[in-house]
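First, one chain by itself: the form predicted on its own, in structure tokens.
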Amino acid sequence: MKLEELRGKLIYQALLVGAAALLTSALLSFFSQATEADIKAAEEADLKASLAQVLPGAYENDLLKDTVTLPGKEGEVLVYRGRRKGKVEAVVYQVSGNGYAGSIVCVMGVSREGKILGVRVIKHKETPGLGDKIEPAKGDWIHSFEGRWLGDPVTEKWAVKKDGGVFDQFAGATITPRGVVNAVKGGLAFFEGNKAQLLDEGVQP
């Protein structure tokens, strides 16, 4: 084979590989853009479903767009706000506590009066059959917070019964409910300490 013919074939093959790479890149970009909107919509739907579990009732605003970020003990806290007639009637945010196997992350809804509307555990690594009783599918324990506030029970009684509080613990798994109780109690303290900002009721000039 002559040198000129060999060079021609090599150039052709290089161009062919380059064209294939460009086509593949273009296709990946196209499908990524095409599915991005669907993925985002699915994520928003999941988030709304999670918020609805701890924020019963209907609100006139889009909770995902009505937010405020405030400093908390473990970093910034993103808060979703539900309004009726322009007035913030409830807020939702994440709290966390220490469980037996790691951090327990919860989402809690609080009314403008400071009462708990609902609490759900959204992430944990607790032992199946013991610590997982914090999940509503495994028991009613998580519902014991509903309607309570920092005055019900009094502050020193916001603990599991083993620690002198009013909340039940699980047989063989006291650390798990203790972590959740502490997280929820901290969440209520966060509400009380940031009520004006949470309820969008800043000092008027």
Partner chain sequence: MNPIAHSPHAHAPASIGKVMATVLLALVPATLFGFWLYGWPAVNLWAVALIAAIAGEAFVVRMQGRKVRTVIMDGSGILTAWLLALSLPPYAPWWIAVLGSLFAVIIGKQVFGGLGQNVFNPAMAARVMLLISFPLEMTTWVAPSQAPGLLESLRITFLSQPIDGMASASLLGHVKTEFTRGIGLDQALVGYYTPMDMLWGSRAGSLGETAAVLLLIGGLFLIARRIITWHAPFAMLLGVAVPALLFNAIDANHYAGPMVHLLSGGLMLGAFFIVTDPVTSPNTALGQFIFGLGCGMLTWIIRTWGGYPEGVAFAVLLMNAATPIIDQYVKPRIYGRDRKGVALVVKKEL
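Numbering follows the first chain given and starts at 1. What you are looking at is a predicted structure, and each value in this text was computed from that prediction instead of being measured.
As for the form predicted in complex with its partner chain, it is not shown, yet the points below apply to it.
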query	finding
In the model of the complex, segment of 150-158, 170-178, 53-61, 66-74 with a heavy atom within 4.5 Å of its partner chain	170-178
Check all three, 86, 113 and 190, heavy atom within 4.5 Å of its partner chain in the model of the complex	no
Contact flag, residue 146 vs its partner chain in the model of the complex, heavy atom cut 4.5 Å	no
Proximity of residue 94 to its partner chain in the model of the complex, heavy atoms at 4.5 Å	no
Residue 130 within 4.5 Å of its partner chain in the model of the complex, heavy atoms	yes
Within 76-106, the residues that have a heavy atom no more than 4.5 Å from its partner chain in the model of the complex	100
